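In the structure tokens that follow, the same protein chain appears in two forms, which are kept apart as structure 1 and structure 2.
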Structure 1
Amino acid sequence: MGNTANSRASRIVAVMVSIVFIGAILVPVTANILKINPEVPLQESDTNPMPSFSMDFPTVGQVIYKLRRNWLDRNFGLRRVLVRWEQLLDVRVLKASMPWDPVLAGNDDWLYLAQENPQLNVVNDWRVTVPLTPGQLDIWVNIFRTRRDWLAEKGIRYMVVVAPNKVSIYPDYIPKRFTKARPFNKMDQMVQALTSAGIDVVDLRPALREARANGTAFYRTDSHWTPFGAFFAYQEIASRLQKYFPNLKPAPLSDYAVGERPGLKGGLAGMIAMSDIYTENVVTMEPLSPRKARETTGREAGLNEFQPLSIYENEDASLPRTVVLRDSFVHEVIPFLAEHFSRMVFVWPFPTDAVHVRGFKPQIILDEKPDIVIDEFVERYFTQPPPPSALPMEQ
């Protein structure tokens, strides 16, 4: 082929390269205009929602502010499709999932919560790269001791309940190279320190290991325990409550029909946009006799609370009353435990983070006058180093 023909062909290629590039960078806007928005099973929160547009100065200012604060970067056309493709490439093709990602894809399609926020990495916690120091343990003991003593002055008992991290019960699906750095972990340290200080701590790890031995204790594609696992947790909590309430008898497993049905939307699978690939059945626990406890009206969530304050009541007024400071793990336990209390008030304060200790809600406790306060944490919030502002009681 001659030089002239080659030059002409190269020019055609240059035209095509330019067209392809301009076409490619116009695709997202075109998709927005034409409202092309394929369904992607991606679970994410919108931390920067755009206000409804109106031509007043404050709104226009707010819109410009939002645009400058990465709104366009999180809302361009087909973004969710691209996120999905990147996750497929990284997790499924290249097997590049790492503990510094929000979700660690383990062996046999087991997913683990990993980097929850900049300060909290669940996998590193499990590896125990940095154990709690004696000083940090002292601060935590002091916080829980103060809570216990404050309640004791009012004649109220106090029990701390810790739901294990999934990785504590199912460590064997973590890839082998993520080795444990120490033979103990921070949960061991905390439980030992609090027990030594005379604080009633319920470590649910043995109960969940028993659940695992008998069935599915945690979901493979979610960070939470199954109702089956929750039932074993309930039995352990109820057994430990017996020392305060001798009439409280845990229900046996035979009171329930354990089953499965398809359709679990695993939170961890959603976080990596693959809930259609990481599928799993919902575990069900159907009671074989009617429930006595009923949910009554709650109230709106207050400052530093996640969800409405929910209340369960039982007609038998002789049963004890309790306030439960909870997180998401209590959800599956409620149907079992509510049968044993005449009134059960659930409060969901924000979890411990790098700045705050989880709230204790003294006013609600004073209003409710419970027989016992149950302070439930999942392990990953229970074993955080105390924030510098840690105070013994909510101010």
Structure 2
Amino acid sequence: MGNTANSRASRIVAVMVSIVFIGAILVPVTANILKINPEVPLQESDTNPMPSFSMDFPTVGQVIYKLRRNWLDRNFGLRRVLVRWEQLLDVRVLKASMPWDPVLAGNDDWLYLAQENPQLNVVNDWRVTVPLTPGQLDIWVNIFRTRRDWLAEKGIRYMVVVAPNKVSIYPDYIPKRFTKARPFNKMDQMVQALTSAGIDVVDLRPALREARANGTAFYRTDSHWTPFGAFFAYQEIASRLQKYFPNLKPAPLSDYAVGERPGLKGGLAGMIAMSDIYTENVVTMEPLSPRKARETTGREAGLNEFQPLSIYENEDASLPRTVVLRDSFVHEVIPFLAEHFSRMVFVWPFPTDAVHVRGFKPQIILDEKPDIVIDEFVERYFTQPPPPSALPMEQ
């Protein structure tokens, strides 16, 4: 009698588990069919739509290509809801955020970019788990020296500018269990190696620490500096440019009204689908007198360029001209720096990755004939180990 009851109970449990399992599988499929897609503040790039099906070879090829590029993963029913639930469980309930996640949740609701891609981990770089080797430093020095010498032959000056990672300015909100392995980091190694080789390198870490001492240098829920932090970066860059252009005088902070307004959609908060939980104000820097520089027509993004080329011009033709090879950190610096140049051309190449070094765009430089080329990097792209294909002068 007892065995019969146990067997019946086991069958009931098995049936219930099967129903739950099948239901869990069918719910996303049903959501896709019924187009149930609740709004979730998850920041991610949109996937291109699947082409209309036909049996011709190009269409089949496109379908296979999109399937291989994670189309199914990105279009899984209720995906955004499930991502948010997973992040809420890991970050808010279990406090299990780790450096190998895309975003590391720090103390006091500070968020940090961590695992950007399989080769780049910003938090581990800060911890210096693997420093740059002498051979890797030699490759980077040779690349920057080649760029400088090529420009010098044409009478063009060269300056490398490095924007610090947020963790380099605000390390104190990193959970204490993630300690540093060494007292130095890759940025220290690179700056020392390039400076020893005579490369003009502007290390913006001291300027951003001064900004932090006087206000909000970086956003808590984003990886970027605020306009206030960017202003201190601008002042340091402009001060360093004075040795080439003595008439270039950095504007004082008193030329701007610093304020805040609600509504920042922090990129890091969006990456974990919680920009409605991790809220923050936008920092503003309003000029007290009209700006003189104006953005003119640029052009479409070229091969290996992340964004369209943009150009700023100033009516004072006596001011110098420059080409700036940039990434996203230059965006907030442009309004300040553009006041000092008759023409600034901003090119945004793809960053260095596991295969390619970031492009130097020699033809644009030859066409523009600038007085100086500014090669700007954020720290995490500046301190990457050189890829095997690194060449002295890449196109």
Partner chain sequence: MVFSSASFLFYFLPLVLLLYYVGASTLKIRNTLLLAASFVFYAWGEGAYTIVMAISILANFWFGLWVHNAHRTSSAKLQIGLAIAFNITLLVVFKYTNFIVDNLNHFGVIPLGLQPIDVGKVHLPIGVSFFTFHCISYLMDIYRRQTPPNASLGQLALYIALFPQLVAGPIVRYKDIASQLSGRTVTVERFAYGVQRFVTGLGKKVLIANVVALPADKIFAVPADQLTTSVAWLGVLYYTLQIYFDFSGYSDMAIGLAHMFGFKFLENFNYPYISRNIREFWRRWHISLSTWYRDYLYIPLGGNRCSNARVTFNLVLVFFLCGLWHGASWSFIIWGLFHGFFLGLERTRFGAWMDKAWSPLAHAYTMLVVMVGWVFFRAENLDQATAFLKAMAGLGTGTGMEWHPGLFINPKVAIVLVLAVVGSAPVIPWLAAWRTRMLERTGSFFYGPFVDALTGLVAMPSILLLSCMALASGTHNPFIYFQF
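If you superpose the two forms and keep the largest set of C-alpha atoms that fall within 1.5 Å, you have the rigid core. Residue 1 is the first residue of structure 1, and the numbers go on in sequence order from there. Because the structure is a prediction, the values reported are computed rather than measured.
Note on provenance: structure 1 matches the form predicted together with its partner chain. After superposing the rigid core, the Cα of Leu366 is displaced by less than 2 Å between the two structures. Pro38 is not among the residues whose C-alpha shifts by 2 Å or more between the two structures once the rigid core is aligned; its shift stays under 2 Å. A displacement of less than 2 angstroms separates the C-alpha positions of Ile334 between the two structures, with the rigid core held in common. Core superposition places the Cα of Ala9 8.8 Å apart between the two structures.
Taking the core as reference, the C-alpha deviation of Val20 between the two structures is 4.5 Å.
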